[in-house]
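Only one chain is included here, represented as structure tokens and corresponding to the form predicted alone.
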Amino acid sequence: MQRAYVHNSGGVRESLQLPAPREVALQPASPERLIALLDPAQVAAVTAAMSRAPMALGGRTTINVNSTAAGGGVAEMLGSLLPYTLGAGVDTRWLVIDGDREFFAVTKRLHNHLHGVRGDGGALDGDARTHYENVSAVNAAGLARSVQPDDIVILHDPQTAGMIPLLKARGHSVVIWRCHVGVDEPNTLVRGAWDFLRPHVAAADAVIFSRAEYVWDGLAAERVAIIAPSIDPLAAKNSDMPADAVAAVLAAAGIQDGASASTGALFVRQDGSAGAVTSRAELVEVSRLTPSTRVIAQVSRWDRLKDPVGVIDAFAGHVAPWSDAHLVVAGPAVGAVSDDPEGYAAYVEARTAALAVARPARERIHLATLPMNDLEENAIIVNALQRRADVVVQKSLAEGFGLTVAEAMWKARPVVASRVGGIREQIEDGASGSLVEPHDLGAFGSAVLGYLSDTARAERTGAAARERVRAHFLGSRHLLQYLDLLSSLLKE
């Protein structure tokens, strides 16, 4: 347990205790497994980069730091990318910082404001800044005891930004901050969040954004890099699964009837050992899914910006009256994502909305909270659910990038998603999926019905979606861009 004496907004000296930064265990993965999925031109580039990576980084350790090891795209991306860097001979670590309830309320507020929405309505005022900086100081002190000055430190999102100047002051030669959220058209809330974070971010050696449109005003252009997120096609969430395995996994998780829960609900873990689905999802439903049920699915964390209530309303009013399909809205077990204090409220709102839908549409709506006690088990359940879906949807109100879209596209599913944020980078409207305005429930319903009524079109779209992900959104491209950035910083 870390203890530090800090001053609150009234100048009173008080003790703040936090656990020391926690190391997340990583097992190396051979980049050759990933390279086997690429086209010849990609293979040549990735093979050359991986062979030169250890020398290019001068034997330095790269340390990624965020605020949760489970739940959300950042944790998943780190969990999939970092094993490949280890496998390429680069010493790599992943550390997770902690905070108290007030700290995570402030950082969730920052997250919402960076998306241009008010969130809990709280202020980013002097009190918020004082507490944010106090917790950042405690975490920075703990982190400094775990890393060496020559290590390359990569910090992720608002929870970590407050540590940047503190680490630089302690002599760390390379500190990078990555912001995974943003908007194309910043409003006063967005700019207020920038102003809150800018004094800290200004000390970073480089700042990474997912899209050029997200770059803040006032940042030195030479210190800005654009690196889009990616997926690992070989991770449990994305690896190929035959139809009988999909059915067995969903039966074992209690999501679908009609298959033996003990037949084929097995998977291979990242370390090569055997895993099995034994935990069950918690469901809010009236009827059961069967193997013949047509399914529309949205799989995201419970977050108002993912608009689960809007998905339910769009299905009830604009899909259910003209289709026999069922809707599954799924997310992680409530409370499993430690740095998101609004998750439970978002889930309760979705459950209330689902229960309020009139029959018969109500009988075809299923809410599923997926078990998180075993992250690879959770991933294989998500994989099965996305592959089981006839159409995958992502009706977000705002997105930093939205990798659930790329995950579904890799599985050759037709995706209907909101025309917001990084989703627009992933889907070519009409070719590899469909984009709709986030508040146009009618257009959402029409796009979903279009795929349900034309199986051949759905299959063509899904095939095009998979190839688009292969070309642009696999981890191989992501690793190349990181290596180029790090190499350039170390030459300065």
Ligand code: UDP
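In this text, residue numbers run from 1 along the sequence as written. Just so we're clear, the structure is a prediction, and the values are computed from it rather than from any experiment.
Separately, the form predicted in complex with this ligand exists; it is not shown, and the next lines address it.
Q.
I'd like to know if Lys237 sits close to this ligand in the predicted bound form, meaning any non-hydrogen atom pair within 4.5 angstroms.
A. Output for Lys237 is yes: heavy atoms within 4.5 Å of this ligand.
Q: Find out whether any non-hydrogen atom of Glu76 is located within 4.5 angstroms of this ligand in the predicted bound form, and reply yes or no.
A: Residue-level check for Glu76: yes, a contact with this ligand.
Q | is_contact(Pro332, this ligand) in the predicted bound form, heavy atom dist at most 4.5 Å | A | Contact check for Pro332: yes, within 4.5 Å of this ligand in the predicted bound form.
Q | Exercise: Pro186 in contact with this ligand in the predicted bound form, heavy atom 4.5 Å | A | No - in the predicted bound form, heavy atoms of Pro186 and this ligand never come within 4.5 Å of each other.
**Q.** Candidate stretches 315 to 323, 68 to 76, 214 to 222, 121 to 129, one within 4.5 Å of this ligand in the predicted bound form by heavy atom
**A.** Only one stretch passes the 4.5 Å heavy-atom test: 68 to 76.
**Q.** Contact assignment for this ligand in the predicted bound form, among Val174, Ala353, Leu143, Leu370, heavy atom within 4.5 Å
**A.** In short, Leu370.
**Q.** Selected contact from Gly162, Gly182, Gly402, Pro308, since only one has a non-hydrogen atom within 4.5 angstroms of this ligand in the predicted bound form
**A.** Flagged contact: Gly402.
(Q) Using a 4.5 Å cut-off on any heavy atom, which residues of 273 to 304 would contact this ligand in the predicted bound form? (A) Residues within 4.5 Å: Val299, Ser300, Arg301.
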